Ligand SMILES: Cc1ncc(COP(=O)(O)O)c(C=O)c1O
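So this first bit is one chain, no partners, the form predicted on its own, shown in structure tokens.
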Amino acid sequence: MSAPPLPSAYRFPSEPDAIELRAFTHGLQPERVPVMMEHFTEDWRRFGVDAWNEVPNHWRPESGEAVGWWTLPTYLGDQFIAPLLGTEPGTCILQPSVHWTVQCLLSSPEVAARGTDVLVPETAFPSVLHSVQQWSHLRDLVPREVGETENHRVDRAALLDAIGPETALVALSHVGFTTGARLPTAFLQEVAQRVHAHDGLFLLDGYHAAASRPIDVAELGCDLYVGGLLKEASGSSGNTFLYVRDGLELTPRLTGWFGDAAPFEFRPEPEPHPDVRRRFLGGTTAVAPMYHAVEGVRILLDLGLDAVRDHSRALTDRAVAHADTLDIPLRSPRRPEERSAMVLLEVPEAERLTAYLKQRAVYTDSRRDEVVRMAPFVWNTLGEIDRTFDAIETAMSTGKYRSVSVEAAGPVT
């Protein structure tokens, strides 16, 4: 049985009967966000500089725990991100972006000291590969792309074979952003065992996995797990996160004064903070995004990540059944155990179909004009999936979508 949608917990688009299926791009706004932003402006007005030391605990008001702007990245990491990843407090921290986190990681001399090769599948989000390419000119790090299979998946055998004595880092996407395919835990564990046997590091990008299902980072065996709250977690931009395996020593050279051991002593030489995760902080942290960062996570944790996964599975099962009825090929996995919260339809002129649906307040997106992506989430119902595919059937049977302009859609999809 699927979990019920939570319409009271989110603020919906203004269009009547709009169907929002872009949880993988930007989640709906949780209804508590405006209140939290009012708390930010009031704390700023009331406390000024002293807000860095202490503000009312709007995130866990019942806890009695003190919190200030200075400690928010680690406090929210302990209270909300650690439960999201099934791990213990002291291992997670909020970050401004995954790109920043990867850049910080690659700036750590401990990475290059482990080897020269950084393995990245062709299917991974390009930002990681771009970062490695840029750092390869500054450090003895060489990006090694691992090819994909005929059905656009990670070539697991090729990746495992590529891990060797020169492997410094393996960077994988937990869920493929152009396939919706989730890498199985057994495979990730095998990657971890093999890379650790060669003293390499294992980085897992969970941007399309975390917040959509239960995660256990220790079970996965990764050294670092990154992701963001922008999508299913509905935390908007400026809120990503990092998990660092307990005991892992890293000293990023891109660290800023917020990551220094004694920032207010203003010493001429930097000293790494004793808490490794704080070393991934840069200059003065942006505070405002952290006020609304975890309201979506709060909803999902209260509902239970098992229920979130089950609801998502019921909706994506319905979408797959509709696609089969309409004889639309799937880019995403058909088997529920391999599927993420995304369903990808292989459709000619996918951008035009996406634009056609958008005109009818059915919000999906496309990638490379090859696939239409949708991610039914906790705010969606089975009836909305039916209505979506009714619109798709009309579009494809009449061919009317092929004449829709995509010029006015804007660059973000």
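Note that the structure is predicted; figures quoted are calculated from it, not measured. So that there is no doubt, residue numbering starts at 1 and follows the sequence shown.
Although it is not shown, the form predicted together with this ligand is what the next lines describe.
The partner is absent here; in the model of the complex, the one residue of S212, T91, T240, T167 having a heavy atom within 4.5 Å of this ligand is T240. Note on contacts: among Q134, T185, S97, T251, the single residue with a heavy atom within 4.5 Å of this ligand in the model of the complex is S97. In short, of 298 to 306, 278 to 286, 147 to 155, 200 to 208 it is 200 to 208 that has heavy atoms within 4.5 Å of this ligand in the model of the complex.
Although the partner is absent here, R339 is not a contact residue: none of its heavy atoms lies within 4.5 angstroms of this ligand in the model of the complex. In the model of the complex, F177 approaches this ligand with a heavy atom inside 4.5 Å. This ligand is not drawn, but in the model of the complex it has a heavy atom within 4.5 Å of S127. The shortest heavy atom separation between K231 and this ligand in the model of the complex is within 4.5 Å.
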